[in-house]
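Two forms of the same protein chain are encoded below as structure tokens; each is given separately, as structure 1 and structure 2.
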Structure 1
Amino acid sequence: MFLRFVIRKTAITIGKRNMSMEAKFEPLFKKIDELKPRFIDRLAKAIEIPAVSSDESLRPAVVKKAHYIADELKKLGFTDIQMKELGTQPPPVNDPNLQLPPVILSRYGTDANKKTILIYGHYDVQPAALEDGWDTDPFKLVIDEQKQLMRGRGVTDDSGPLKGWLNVVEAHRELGFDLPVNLVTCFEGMEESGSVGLDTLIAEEADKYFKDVDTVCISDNYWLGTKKPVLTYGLRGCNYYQVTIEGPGADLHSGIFGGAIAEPMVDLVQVLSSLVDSKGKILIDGVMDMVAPVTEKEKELYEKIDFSLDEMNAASGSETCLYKNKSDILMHRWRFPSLSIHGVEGAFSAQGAKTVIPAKVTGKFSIRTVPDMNSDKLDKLVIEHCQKAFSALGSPNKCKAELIHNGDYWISDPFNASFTAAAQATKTVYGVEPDFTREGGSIPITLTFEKELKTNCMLLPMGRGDDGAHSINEKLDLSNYFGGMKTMAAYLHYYAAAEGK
């Protein structure tokens, strides 16, 4: 086995010619197109394994998929393949001995003269079933020839992009081209279930497996719309709170007690109504003061982005957008904080009518955070606000406001070497400058990589905004699969050639 790798590596070295970088792109892109049947087949085999991380009964399938990928890595000449075990899954679980799926670490190249890129991806998927409304079996890759797209659970999130990196390596090997950078993989199997255990692993491997990493590239998000490629340089954080109001010792009958008892639910709606207004304005004193002001230069960024109110309405399935112009919409999704009220625990929540006075109710809300909000200060402002709003009611009930979890926002420099290389790659492949976008959601692992590896991250999406990542009929357009791979390939070369990281 070792011999075989040596031989192959030699073959690659032999195949290394003194071509200019751009000259390599034509044969590379041609090769990627040529290998289409193989690349689709590689993805199809992955899709057939129902690697749903949230379903305990499917854990063996998740592990099986990990081994499928590891075998592919081996065949492609990746070395030092380690299936990192993360131990048993913490509660709540049905099976207390349930093992977490492994994180696949591997290397392609160990040349100290080359830069090293960590590529992150995940091989687990969201649940899916025909009964949910899929047109085809979600765990069978189906090609819609008319629409020129592939359908199946995981095609865009995140098996397509993950396989994309493997395919890029294969295209280089087939051509006898040397890879211009070293790759390190970090492929996890719990992303759809909170990336349990990954933070610890990254911290542990920061000075070991990951010690030479220069930059991190994550392909696990999407274009903003359907036409224009994007590079993503920012994510909002999320501080999730709950406010609990407790009154009687047990739920009471509203006929017998209504009118004479202080009702926790009545207090709760008063407190919740003090948080945000129907225009989306956060009413908690001091929160907006922490938000970085919008600069003129930043304003221009939004104006250039390919997006419209119609796309927003199509995405929400309604005409309930709070803003009419593109810049306002994007800024309120990406660079301003928002406060959402998610629901109430402990109150009547079923269909029909129940004449209960709930004894203890917990309102859930969260704030999406942005630069330069301080998470601790935000917690303090929110909790004090809730206590003050409750005190003003003069209720004999008890109130407790608390943080459930938080994750910081992330913002990168979209003009660093990695982003610049990816922008050049995008221009080369798609013929347009990518839009530089931020996203409203959170990918906490981005921050972990930056913090632990003391490096930067870039989000390089492959799929489109309408891929239906967590929905039914998840798809990936063939043009995005192949365009995405070409962009990845060109990115490696531009990044290798760039000054700095």
Structure 2
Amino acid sequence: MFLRFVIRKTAITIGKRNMSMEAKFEPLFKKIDELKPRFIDRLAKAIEIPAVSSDESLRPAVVKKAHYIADELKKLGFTDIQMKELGTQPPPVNDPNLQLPPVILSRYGTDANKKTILIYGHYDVQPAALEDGWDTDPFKLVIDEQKQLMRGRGVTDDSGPLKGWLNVVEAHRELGFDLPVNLVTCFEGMEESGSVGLDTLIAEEADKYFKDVDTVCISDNYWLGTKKPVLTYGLRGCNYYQVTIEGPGADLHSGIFGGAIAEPMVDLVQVLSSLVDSKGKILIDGVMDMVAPVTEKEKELYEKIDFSLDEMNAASGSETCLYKNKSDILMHRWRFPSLSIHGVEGAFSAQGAKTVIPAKVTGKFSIRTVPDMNSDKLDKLVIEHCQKAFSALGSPNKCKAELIHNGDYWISDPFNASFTAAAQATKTVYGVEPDFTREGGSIPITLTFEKELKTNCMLLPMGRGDDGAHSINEKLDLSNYFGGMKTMAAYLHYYAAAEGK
């Protein structure tokens, strides 16, 4: 009730002072609809570039996409566009000279009398291939007219939202409307690979390029379900690990060597199975002891959120949820840590029946972290557990467990001016007050922005909970693409008129 009171009170105050501001929304929203072909074409061109940051062979494509975006910014009137180079990517990498993709910094407006919002987004994407099970080429934007959605890798994560901000600027320019705030962009190309190098850049630019930033807005998350918009004030962190087991000097024939040598794949399967059980329980001693206990006040927040088991099943495309009631589902998505096993490198994975014994295999897994987990302590527990599990096998093979990248969890204040403005914008566009949620996914850079810029972050999602951001057939509903842009536009105006930051 307190949150609704704050939103309502602020909305009334804004409304009294800025009736002319709200009068702009009708032509602004109409212009966004009118520019639909152009905005879809802009997104299509971005989707066509396979900017997969985790694939070293596709690094040139990531850089190509960075320059494409920079050119778009220039055409739209952004100034002081800088392609910040981050240097050589640290190991583990195959190419020791692999260069990190640039971070794109730019400005739109430098009026000292206006507030300044830093817009963060990322232009890299997850791996995707037609043979993974996609219905269409993942790097070609396809519009399903019947379902009124767009499909393609990056369409919702994060090329669609990133382009949405550019489109909002263009809509204002087409109408001759002054943007009510100054914008600063920070678009990176390594988010899907741990945002390598960005922490350092933000620290270096905190008192330089980012000096006058009042707040940070990120559109790189999703609605909880498929019907009601949300604003996000918390994220789990992510520590990503790999465990490598190495034995023979080369891949071997199982008909000749099977049963006579210790097989790395057999060892790896047993080590991985020691990490988590089929009910999602983390089996590493000491991990759950770090998790902050759930309070009664916190439980009440989950009970008020509009969500159901049916929506969870719809989002996953199955009926495999481990929990049946709303609070348990949401807490295990946001509030408790989880351990996921992602895949194995070095093992045979194609179709057919190849009888090979892999000489070296690497298992990849991650742990989503929550308050009050300490990252360094977690790394120690994980690595010691893997070594202990391997030692118990009595295998002559070699085992090495290591951290690949990590990012801390994040919690913000949902009652500040930025969240209140976003809530009012959401209600203006969708006609309902948004749910205030946390997210199970990770955007580690949120915490860095808050610490280094000494300001706050707000997550303003565009897509829905069933978009399949890291899965096959990633999609974005057309209504969310255009509704999201309208919400972004209204947010800029409401925040500009709000008191405080």
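Source: prediction; values computed, not measured. Think of the rigid core as the biggest set of C-alphas that the two forms share within 1.5 Å after superposition. Counting starts at 1 and follows the sequence of structure 1.
Of the two forms shown, structure 1 is the one predicted together with another copy of the chain. If you fit the rigid core between the two structures, you'll see the Cα of residue 84 move by less than 2 angstroms. With the core superposed, residue 441 shows a C-alpha displacement of at least 2 Å between the two structures. With the core superposed, residue 194 shows a C-alpha displacement below 2 Å between the two structures. Here the rigid core is superposed, and residue 269 then shows its C-alpha moved by 13.6 angstrom between the two structures.
In the core-superposed comparison between the two structures, the CA atom of residue 409 travels 2.9 Å.
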